[in-house]
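Just the one chain here, the form predicted on its own, laid out as C-alpha cells.
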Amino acid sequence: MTYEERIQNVSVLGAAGKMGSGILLLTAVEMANLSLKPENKGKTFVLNAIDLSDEGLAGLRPYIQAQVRKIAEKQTVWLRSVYADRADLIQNGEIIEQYIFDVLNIIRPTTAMEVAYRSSLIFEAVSENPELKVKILSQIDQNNKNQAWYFTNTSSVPIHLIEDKANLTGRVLGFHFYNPPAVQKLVEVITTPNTSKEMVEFASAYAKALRKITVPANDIAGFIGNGHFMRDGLHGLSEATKLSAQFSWPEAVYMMNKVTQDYLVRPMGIFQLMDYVGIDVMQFIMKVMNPYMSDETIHSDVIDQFMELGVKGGQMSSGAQKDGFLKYEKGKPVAAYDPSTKSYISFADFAEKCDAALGAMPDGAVVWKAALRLKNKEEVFSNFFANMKKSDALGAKLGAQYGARSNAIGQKLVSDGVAANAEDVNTVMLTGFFHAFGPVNTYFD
C-alpha cells in the first residue's frame, strides 16, 4: 500500500480533545493537499473525527476553519498554482475559501466508532489510560479487515503493552505529538521489536509532510519527554517540601517556581508547568510509569494530597489556565494554594520576603525570551552558571542544585536506554518543552 493509499481513509479517536483536534487538523490539511494533486483527482479522501462528545464535535468546524484560514493565507502563491484550472477562482480570498472548503469536506465528525472499521490508518488520542486504549483498539481491529496501522499519541504507556494486549503485533507505534500539535514541532516516535519497517517509513514520511522534528525513544514507560519532566517535577516538589520547614507552603512553591523559571532560564516555573499539564495528569502518568521503575519511585504524596483536595490544574476548553498549585489571572500566576487553609495566598503577601531570602540573582542573568535570540548563548550561559555556582545566596544554590539534578535525569535516560544519546534528550527538552538549553550539559559540573 502506497503512502497515498494508506492515508485515503483515516480515523482520529478522541478528535474533539486538545490533542485529537490538533492531530485532526494536521492530518486534514495533509490529506487535502494530497487530494489536490493532479494524479489524485477522482480519489476520495475520508477523515473520520470520532469522539463521544457531541458538543466537542460541534466545536471542531469553527476551530478547523480558523486554523486552515491561517495556513492558507501563508501559502496563497502555492494555492493559486493548485487552483490554476479553476476559472471561477480569481481573487485570493476566493481561493482561500475554496481551500478551507476542501479541507473541511474531508472531515466526517461522528460519535460512532464503527466508521474506523474501514480505515487503514488510525490515530488514537484518548485519555492516558492503558486499559481504555487497549479496549478501543482491540474492538476496532477485531472488526477491521484492512490490517490497519495504529498511531497512539500516548506520552507514557509502553507501546509493547498496547501491542500485546490488543493483539496488534507489528502494527502499532507511539507517535507522541507535543501539546498543542498544530504548533509544537516535536514528535517522539516509539517502536517495538515487532514494528514493521514499512510502518516506520510511513511515520517518517508523514512527519516530514507535517514539517515535524522526530526523535526516536525506546519503549520504556514515560519515554524521553515525560521521563525527564516527571522526575524534574518530583525534584521541584521535594525541594519545596524541604523549604516548607522554614517557610509556608505557598512561599516555598513561589520560591521554587521562581528558581526554575528565572535561574534555569525556562519559559515557566516548574509549578506553573505542572499546572499547565494538569496535576491529575501528572498523577496518572506517574502511576503508569512507577511499576516499570525498579530502581526508583515515581510518586508524590503532595500530588496525591492536592488531588484529594480537588485542586487539579489543567486547561479549560478555551485554552485558559485552570488554577492548580498556583492561581492565575490573565494567564499569569498571582497566588499559591495553601492546603492548610484550603485557599490561595496572594504573592503580594510574601513575594518581597521570599525574594530577599533567595538573594540577588547571579551576575550575567538573562531572561528566557532574550536567551532564545542570543548568538553567543554558550558563552552567556557558561558565565551565568559559573557565577551561580560561586554564589552563597539561597536562590543560586537551589538553581545550581536543580540544574545538576536535571542533568543527572537526562544522563540516566541515556544510560537506562530510554534515549539513544544525550543529543536526543536535549532535542526533546529544547523543542518539546522550549528550554533555552539542553539538560545534559557541563554547566553544573
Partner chain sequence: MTAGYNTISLGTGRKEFNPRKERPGLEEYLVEAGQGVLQQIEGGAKSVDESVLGNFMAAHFNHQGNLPGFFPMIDKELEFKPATSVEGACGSGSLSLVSGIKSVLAESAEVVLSMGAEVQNTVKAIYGADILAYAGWFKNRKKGHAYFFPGQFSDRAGAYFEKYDRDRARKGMAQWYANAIENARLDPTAQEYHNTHPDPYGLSYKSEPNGKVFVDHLNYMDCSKVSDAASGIIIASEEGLKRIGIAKKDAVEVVGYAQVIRNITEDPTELTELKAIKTAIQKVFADTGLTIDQIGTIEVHDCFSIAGILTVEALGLAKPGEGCDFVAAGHTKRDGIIPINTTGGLIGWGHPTGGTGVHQAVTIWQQLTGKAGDAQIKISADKPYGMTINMGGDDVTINAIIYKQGE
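Everything numeric in this text was worked out from a predicted model, so none of it was measured. Residue numbers count along the first chain shown, from 1.
The following text describes the form predicted together with its partner chain, which does not appear among the structures shown.
- Screening 177-185, 336-344, 84-92, 268-276 for residues having heavy atoms within 4.5 Å of its partner chain in the predicted complex returns a single hit, 84-92.
- Listed residues 43, 37, 377, 69 were compared with its partner chain in the predicted complex; 69 is the one with a heavy atom within 4.5 Å.
- Between its partner chain and the residues 316, 348, 77, 245, the one pair within 4.5 Å by heavy atoms in the predicted complex involves 77.
- In the predicted complex, residue 96 approaches its partner chain with a heavy atom inside 4.5 Å.
- Contact check for residue 73: a non-hydrogen atom falls within 4.5 Å of its partner chain in the predicted complex.
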